[in-house]
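For reference, the chain that follows is the form predicted alone, supplied as structure tokens.
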């Protein structure tokens, strides 16, 4: 009986999300651009997010359904990042605080997907993201599926290893890491855009750097209001 209830409830949530998506798909959000100070509209019903199935930092499945029903801020990170990623996660923590201070009706959840699943296991991510905010969700999994999400969202990354003389060598996109890469270390050059995902599980807007939390908070409220009208 309990299982049946959850199945019916889950189907109802998906149906509501699908209806919202079909309604939102007819909207033209480009007119909002003039009012936005930090965000850029990325809404495009003709290019839905690819189907994916990854793992969150608790080892549970994180897939398209995990982005449905709630607002989310999605960003790509890697835990060995020396500067950009910890800064961005700290910004997300400050953004949440700013939205709370503004008594925002909706505060999106923060989802950090790793560029580096080889080193960033769910266990590693759990410790890392919790350092910034215990509610943040770290996501890892299959490299190809992460790469597809990177492509869908217009992000970019490249891995850089070092030769015996310490000279940096940028690997081609699908070139495997050297066997000793983990031992010797490598870095990842990457974009740092933050994506606002609407409750239909699709990207509505992107926030390029620099991430000024006051401007982001104002834009998030405008975008949510426009979506729900």
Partner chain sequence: MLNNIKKILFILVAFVSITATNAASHAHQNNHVNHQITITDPWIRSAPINAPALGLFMNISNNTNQEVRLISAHTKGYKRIELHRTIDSNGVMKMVKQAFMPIPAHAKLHLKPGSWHIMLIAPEQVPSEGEQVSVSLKFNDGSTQTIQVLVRKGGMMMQHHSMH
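Quantities reported herein were computed from a predicted structural model and do not represent experimental measurements. Positions refer to the first chain, counted from 1.
Here the subject shifts to the form predicted in complex with its partner chain, a form of this protein not shown in this document.
- Contact annotation: of the candidates 153, 111, 124, 107, the single residue with a non-hydrogen atom within 4.5 angstroms of its partner chain in the predicted complex is 124.
- With the partner omitted from this view, the residue of 58, 191, 64, 40 that lies near its partner chain in the predicted complex is 191 [heavy atom within 4.5 Å].
- The three residues 45, 202 and 225 each lack any heavy atom within 4.5 Å of its partner chain in the predicted complex.
- Of the stretches 156 to 164, 194 to 202, 50 to 58, 30 to 38, only 156 to 164 has residues with a heavy atom within 4.5 Å of its partner chain in the predicted complex.
- Its partner chain is not shown here, and in the predicted complex it never comes within 4.5 Å of any heavy atom of residue 175.
- Using a 4.5 Å cutoff between non-hydrogen atoms, residue 179 does not count as a contact of its partner chain in the predicted complex.
- Although the partner is absent from this view, residue 118 stays clear of its partner chain in the predicted complex, with no non-hydrogen atom inside 4.5 angstroms.
- Although the partner is absent here, residue 144 is not a contact residue: none of its heavy atoms lies within 4.5 angstroms of its partner chain in the predicted complex.
- Of all the residues from 92 to 107, those having a non-hydrogen atom no more than 4.5 Å from its partner chain in the predicted complex are 94, 97, 98, 101.
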